[in-house]
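Here you get one chain, nothing else, as structure tokens; it is the form predicted alone.
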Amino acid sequence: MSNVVIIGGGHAGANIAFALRKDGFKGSIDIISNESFLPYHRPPLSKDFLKRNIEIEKLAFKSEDFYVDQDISVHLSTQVDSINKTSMKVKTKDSSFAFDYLVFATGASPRLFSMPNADAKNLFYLRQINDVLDIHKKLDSAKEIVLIGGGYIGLEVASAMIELGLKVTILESEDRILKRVTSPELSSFYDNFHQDKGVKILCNVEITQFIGDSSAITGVELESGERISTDIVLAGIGVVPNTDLAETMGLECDNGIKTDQFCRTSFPNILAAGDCTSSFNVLLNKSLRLESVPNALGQAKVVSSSIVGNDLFNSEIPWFWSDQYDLKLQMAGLSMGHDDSYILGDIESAEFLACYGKDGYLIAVDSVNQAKQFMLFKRALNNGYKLEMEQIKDKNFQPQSIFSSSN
């Protein structure tokens, strides 16, 4: 009977274990996690859990009893020291785990600042439960917060902090927020929406120093000379895939652990899933690394399938979501490299879709508060339908007609 060892207890790691049992796998399953909490939902960390609207117990995927009933062993607060692919053993400080299949679900770590005072106790990164618990200790006495980075995390935290009554400033090095993931039109919409809520957003800025000392940052100085006072600094300047262990054992890595469409690494009995991987996607015909819950969940099913001998492979369109205030942003496809765009709906009413085309056909869509229409576009993209941009631009076009007109 086979043994599966999963390194990482995030969305990918936990759901690989769940999928294996669902797929009928009877062997042993060990999840090794360096966190002290059972596997949990991470999206609420920057939203409801940050605002204390949800209890910590509610974050868990499953109860402790579930893991016992399913014979899934979860080893918390445990760090992997070494892996021997010849003897097929994973070693930790106190234990050794034999494996027939090894799965890397090691996720990613926040990109860190290296300038003076970056070790201050009020400079935070947001990736785990403990990060939020540390922020909570400062929130009660805080009046001002500086968020470094105008991506998903920065904007979600900004909306939470505004609701909690803090003065919020976002510092973005690019010329617009969300530049890496969306169009100028959508960036402008979110910039205006946040500023109307009271968020101060500064783009094209470079930080020259953190004012204060190692105990506390009291302000952030910009290259322009402007100084912004603050009680808390939260940095969301990207992440780095956790590939060190994989690299030490000779796995091929390039901005993530390289895998094929079956989530197999360069060693057939070693697989990888989630934020740590650069995996081949059959639908897009290329390898890419994605930082998203849907990607982690989809690849978890593929890993299980590869282990039990089924034929699933990576073939889903990438998609993402972000909740800010009463806005639900949903994104499907990759808009990078688009040569055409069109707004379907009314930006002013905060109910619209941004459609992105290349060579005359739709390649991606962003939706704000248009969930039903978004799902139609997402389904079409996932099924490989070639929707013409001219069709979408027709004043009589209705998303409900996509499938009837694409057969």
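Note that the coordinates shown come from a computational prediction; the quantities given were computed from them, not determined experimentally. Residue numbers here begin at 1 and follow the sequence given.
One more form of this protein, predicted together with a small molecule, exists but is not displayed; see below.
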Query - in the predicted complex, segment of 209 to 217, 138 to 146, 168 to 176, 79 to 87 with a heavy atom within 4.5 Å of the small molecule - result: 79 to 87
Query raised in the report: Of Glu351, Asp339, Asp69, Glu35, which residue is found within 4.5 angstroms of the small molecule in the predicted complex when only non-hydrogen atoms are counted?
Result: Glu35
Query raised in the report: Any of the heavy atoms of Val4 lying within 4.5 Å of the small molecule in the predicted complex?
Result: no
Requested in this report: Could you confirm whether Ala105 comes within 4.5 Å of the small molecule in the predicted complex, counting heavy atoms only?
Outcome: yes
Report task. Evaluate Leu271 for contact with the small molecule in the predicted complex, applying a 4.5 angstroms cut-off between non-hydrogen atoms, and reply yes or no. Result -> no
**Report entry** is_contact(Ala12, the small molecule) in the predicted complex, heavy atom dist at most 4.5 Å
**Finding:** yes
**Report entry** Heavy atom of each of Gly151, Asn314 and Val365 within 4.5 Å of the small molecule in the predicted complex
**Finding:** no
